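Just one chain follows, in the form predicted on its own, and it is written as structure tokens.
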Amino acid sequence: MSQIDYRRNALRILFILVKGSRPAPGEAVDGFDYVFRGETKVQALDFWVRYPDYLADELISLYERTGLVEHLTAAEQIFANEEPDLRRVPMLRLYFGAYEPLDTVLGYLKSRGLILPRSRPMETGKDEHDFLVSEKARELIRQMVSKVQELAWYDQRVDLVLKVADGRGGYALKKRQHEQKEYHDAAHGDLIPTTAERVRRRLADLLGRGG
């Protein structure tokens, strides 16, 4: 991974962890007062940030279920801004779906006092990975967004992804993402393919531009 990709990935994951975290009741650790629960959820949310075409497809489905035009408008805006071409960051299909090792990114964020990873035993006998988030991390996000206009995209995109996720946990989000044929059928170890053309046609049909 190049240095540029490394920093970009750390930045994207930081936005997800900060904006998706909540106060950590009874779990106070000096300087870390918020918690994001579940690495599976991080991976699922990261996928929708990295694949605007899949996110647009989900927004269209939301529009069809709810009738809320804001979802259709958001999907239309993704294609108007050419995000499936300009913003897509390919992700491997591994194990249970889209996956990318987070060790290096989390080590980078931990070394700067922004995130504190920890394991939490589950009733299943397996450990769940949570991430404590510091006030320093939240303040850093606020400062970056206010000073660097380009970073507003991450701020707004993670907000949109969290809205689409609607509080669902990592396994529920993965299950939903597997309902996309292109995602589910991707071979283990291959990059998950784009759905841009299919979703573009679906959007055009809804908007009456299908020809």
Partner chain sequence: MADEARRIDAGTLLAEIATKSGRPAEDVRAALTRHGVFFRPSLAVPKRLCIRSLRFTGIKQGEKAAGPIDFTWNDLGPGLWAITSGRNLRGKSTVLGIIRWCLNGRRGDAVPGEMKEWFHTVELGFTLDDQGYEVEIADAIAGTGTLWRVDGSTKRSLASFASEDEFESTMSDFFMGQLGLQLIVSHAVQGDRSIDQPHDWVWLSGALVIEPNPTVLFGAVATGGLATRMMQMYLGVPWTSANNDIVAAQGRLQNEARQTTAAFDRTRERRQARIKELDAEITDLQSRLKALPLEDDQRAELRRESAKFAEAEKRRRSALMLLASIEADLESAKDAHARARRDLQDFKDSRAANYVFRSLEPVCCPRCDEVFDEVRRAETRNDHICLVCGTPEEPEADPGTLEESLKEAVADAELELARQRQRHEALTKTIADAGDAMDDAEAACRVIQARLAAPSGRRDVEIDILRKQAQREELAKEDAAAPSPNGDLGVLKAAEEVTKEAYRPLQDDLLSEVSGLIQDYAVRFGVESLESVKLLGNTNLRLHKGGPPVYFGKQTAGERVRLKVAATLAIMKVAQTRGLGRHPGLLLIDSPGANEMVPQDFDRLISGLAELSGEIPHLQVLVAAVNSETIQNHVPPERRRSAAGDEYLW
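Numbering follows the first chain given and starts at 1. Keep in mind that this is a model prediction, so the values were computed, not measured.
Keep in mind the form predicted in complex with the partner chain is missing from the figure; the text below concerns it.
Colleague: Please identify, from 60 to 68, 38 to 46, 138 to 146, 170 to 178, the stretch that has a heavy atom within 4.5 Å of the partner chain in the predicted complex.
Modeller: It is the stretch 138 to 146.
Colleague: In the predicted complex, does each residue in the set 11, 107 and 111 place a non-hydrogen atom within 4.5 angstroms of the partner chain?
Modeller: Each of the three qualifies.
Colleague: Whether residue 129 contacts the partner chain in the predicted complex should be assessed with a 4.5 Å heavy atom distance threshold; does it?
Modeller: So residue 129 does not count as contacting the partner chain.
Colleague: Counting only non-hydrogen atoms and a 4.5 angstroms cut-off, does residue 150 reach the partner chain in the predicted complex?
Modeller: Close contact exists here: in the predicted complex, residue 150 approaches the partner chain to within 4.5 Å, heavy atoms only.
Colleague: Taking 4.5 angstroms as the cut-off for heavy atoms, does residue 122 touch the partner chain in the predicted complex?
Modeller: No.
Colleague: Report yes if any heavy atom of residue 154 sits within 4.5 Å of a heavy atom of the partner chain in the predicted complex; otherwise report no.
Modeller: So residue 154 counts as contacting the partner chain.
Colleague: From first to last in sequence, which residues of 71 to 94 have any non-hydrogen atom within 4.5 angstroms of the partner chain in the predicted complex?
Modeller: Those in contact are 82, 85, 86, 87, 88.
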